[in-house]
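Just the one chain here, laid out as structure tokens, in the form predicted alone.
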Amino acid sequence: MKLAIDEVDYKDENFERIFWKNFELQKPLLIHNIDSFDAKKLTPEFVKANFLNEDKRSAGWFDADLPQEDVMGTPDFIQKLLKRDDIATRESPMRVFMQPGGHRTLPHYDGNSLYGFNVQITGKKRWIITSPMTPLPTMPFLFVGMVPTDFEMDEQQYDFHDFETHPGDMICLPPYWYHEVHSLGEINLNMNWVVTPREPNQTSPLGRREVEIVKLRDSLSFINKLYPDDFNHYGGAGKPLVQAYIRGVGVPRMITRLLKEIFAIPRFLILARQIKSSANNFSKNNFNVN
């Protein structure tokens, strides 16, 4: 079913109550009129000068330390979030994205149980986000949608939101929500803060899959070769966070997950060429703006 996303203005007197309620419920929220950045200073030239160090490039974004507040300030509610004891953070908790018009991500959800807070700086984007209660078929062991390039969302099968973000809009995206993002402006620049809750949410099929995948990665270390991230730094906290996530996941459940992932391989092989083509188009256009 196509759903309406919750929305709130950053200047609304009820903003804090609405934000924290949605955060605790892990429910998406679209925030308007975020004003913590200076669009006149935060230009493509600024990004290229400060974030094109290839040592920091990772899967389509650049991890970044908290930057100059006069250019790329961190909203006060994000600052509070980064200090919470029930949240795991990274040394570099912010990511920078810049894509040309026409860029499109593969449908995917974020590993490491990420909770993302993505603000549009310039351009605009179309977001299609899918509930983890009705997930897309997922590539074996990974977090990418196993769908053809001409895939269209079926309102009878999936619960999803379809909306746009414009400059000053922030989408708060809870863990395990699939998202496909289309860049609509000529130049599309975003900042994204990421955190990981210290306790897993297993109320959805994807939430349960995540802890089982973590258990596999912890028990069968060779599986980690499939992933771009360092499992020793899972969620920014590493081993203690891993142990919290796999608590209660026994060997039978782990083996069942292993079999489910293996049984998905034939479908992946059928779609592999299309998925690879989409992935190549995604990679070559990241930060490729004039």
Ligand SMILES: O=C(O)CCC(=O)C(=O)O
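Note that residue numbering follows the sequence shown and begins at 1. The shown structure was predicted, so the numbers you read here are calculated from the model rather than taken from an experiment.
Absent from the display: the form predicted together with the named molecule. The rest refers to it.
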- Item | Segment that reaches the named molecule in the predicted bound form - one of 188-196, 79-87, 149-157, 215-223, heavy atoms within 4.5 Å | 188-196
- Mark Phe141 yes when one of its heavy atoms lies within 4.5 Å of a heavy atom of the named molecule in the predicted bound form, and no otherwise. no
- Though only this chain appears here, would Phe97 touch the named molecule in the predicted bound form if you measure heavy atom gaps against 4.5 Å? yes
- Check whether Arg209 has any heavy atom within 4.5 Å of a heavy atom of the named molecule in the predicted bound form, and answer yes or no. no
- Is His161 one of the residues lying within 4.5 Å of the named molecule in the predicted bound form, judged by heavy atom distances? no
- Query: Out of Thr74, Ser131, Asn201, Thr105, which one falls within 4.5 Å of the named molecule in the predicted bound form, going by heavy atoms?
  - Reply: Thr105
- Note on the structure: Looking in the predicted bound form, the residues of 156-189 with a heavy atom no more than 4.5 Å from the named molecule, listed in order, are His179, Val181
